Ligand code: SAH
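First, one chain by itself in structure tokens, the form predicted on its own.
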Amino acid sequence: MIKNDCYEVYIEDIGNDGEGIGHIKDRQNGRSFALFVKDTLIGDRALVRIVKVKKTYAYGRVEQIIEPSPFRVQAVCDKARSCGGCSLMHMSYEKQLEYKWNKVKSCLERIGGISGADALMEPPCGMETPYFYRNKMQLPVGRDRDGRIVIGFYAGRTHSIVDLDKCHIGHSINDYIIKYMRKWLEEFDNGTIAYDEESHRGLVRHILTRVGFRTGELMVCLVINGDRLKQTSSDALVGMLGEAVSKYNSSNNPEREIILKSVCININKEKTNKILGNRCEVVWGRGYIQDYIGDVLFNISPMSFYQVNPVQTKAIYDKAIEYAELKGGETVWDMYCGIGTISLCLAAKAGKVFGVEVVPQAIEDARENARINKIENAKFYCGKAEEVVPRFYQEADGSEEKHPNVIVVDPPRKGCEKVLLDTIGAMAPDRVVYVSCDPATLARDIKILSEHGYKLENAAVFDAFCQGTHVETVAKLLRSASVKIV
């Protein structure tokens, strides 16, 4: 088997990144190879061209769907195959939910060592309308081969920008922002307005947007490879964004009108793939927008971590609160608390809440969010959870803080550090509620917590990234009665 060979392949399974998996035999030695093929589904029979060969597996590209899977649907976006944002749009939504539920189940059983995990799992929680749900967009800016300005998303596994006029997963105001931002960029283009990654030249790197789905408030932040925008271009930028919002409100018959509240710049002059720099400046309006989760109001700045799907965020947090089983007097730790979203939602039902987050700006936002909601039983610490919590456990005198009733963790995709998990075991809360965006690290961490006497009681799967492969899970772990508190 060599590169550019073509095979007819039947797709038998789906991989972690949504790619189809089939098997072929090498024509020379008869060995069976696993073949990973993007844009295919279980049940597809496809003509596939080999693009990369390893020792025991290979990657292929679809040349033709010979016989389509019964789960195949027509993607609503004509850029879905090339764009990296919607890798499952060709799969029926019911099958997407099944795929994500099975992905969590497989990780819990295979990595976590939990037999019969499906008996502990609730049915998947999907969306009634799995489109136009994102409240945040990060749109790279660049040029195509002909030198034209492009705005869109990166193609899968590349930094090649797929130019877009419309996105089917972002709030529809973004279609108007893309149109008017393209107009602004072209008007002020002197050959260096759009950023080029290879040469590290050009000004505008990304366009970041945030929308409050409950409030209708809009932020647009330009990530720039420089210190400022010229006054003339700043004034024109604000004017064009105002025109975009006006056009959206008048022609789109929106359920909720959009209000432009914030135009910012974020300074990122580093030669890096990291999108945001460390400093933001307000060009017009204020440096944040506001939105609600339930009854709690949040200030959201360009650098705030805030879940991108507001409908599913409410469902996820409601499940976390349900799993926490709070009666009103409990002490709760919220590790990786961000701007205090889960902490402040828990505070209404708990006695005390302690939040930990490594980003200083996020902790400032969390304290401000507690203030504007008049929540006085939440306290926030700045630092790495794996450093702050073990130190606090060693030094704290109060048994309530050392031995809370409930611990909630909502870590990044890499999961929790082992030292933090060991400290959680020593703190011996009655319940651990684990909010996860990666089922593999969730399962790994549950296995470590099981060594401290914790057992998975329930798990709920949420589709917060419709049309993509990521999945959110909320897990409840209970401490065994035989584990002693020391």
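The structure presented is a predicted model; accordingly, all values stated were derived computationally and were not measured. Throughout, we count residues from 1 along the sequence that is shown.
In what follows, reference is made to the form predicted in complex with the ligand, a form of this protein that is not presented.
When the ligand is considered in the model of the complex, V223 lies well away from it, no heavy atom lying within 4.5 Å. When the ligand is considered in the model of the complex, V353 lies well away from it, no heavy atom lying within 4.5 Å. Although the partner is absent from this view, T341 contacts the ligand in the model of the complex, with a non-hydrogen atom inside 4.5 angstroms. Within 4.5 Å of some heavy atom of the ligand in the model of the complex lies at least one heavy atom of P412.
Put simply, of V359, I267, V238, A315 only one has a heavy atom within 4.5 Å of the ligand in the model of the complex, and it is V359.
The partner is absent here; in the model of the complex, the one residue of F153, Y336, Y180, Y99 having a heavy atom within 4.5 Å of the ligand is Y336. Of the candidate stretches 76-84, 109-117, 127-135, 404-412, only 404-412 contains residues with a heavy atom within 4.5 Å of the ligand in the model of the complex. Taking the ligand as positioned in the model of the complex, the residues of 358-396 that bring a heavy atom within 4.5 Å of it are, in sequence order, V358, V359, G383, K384, A385, E386.
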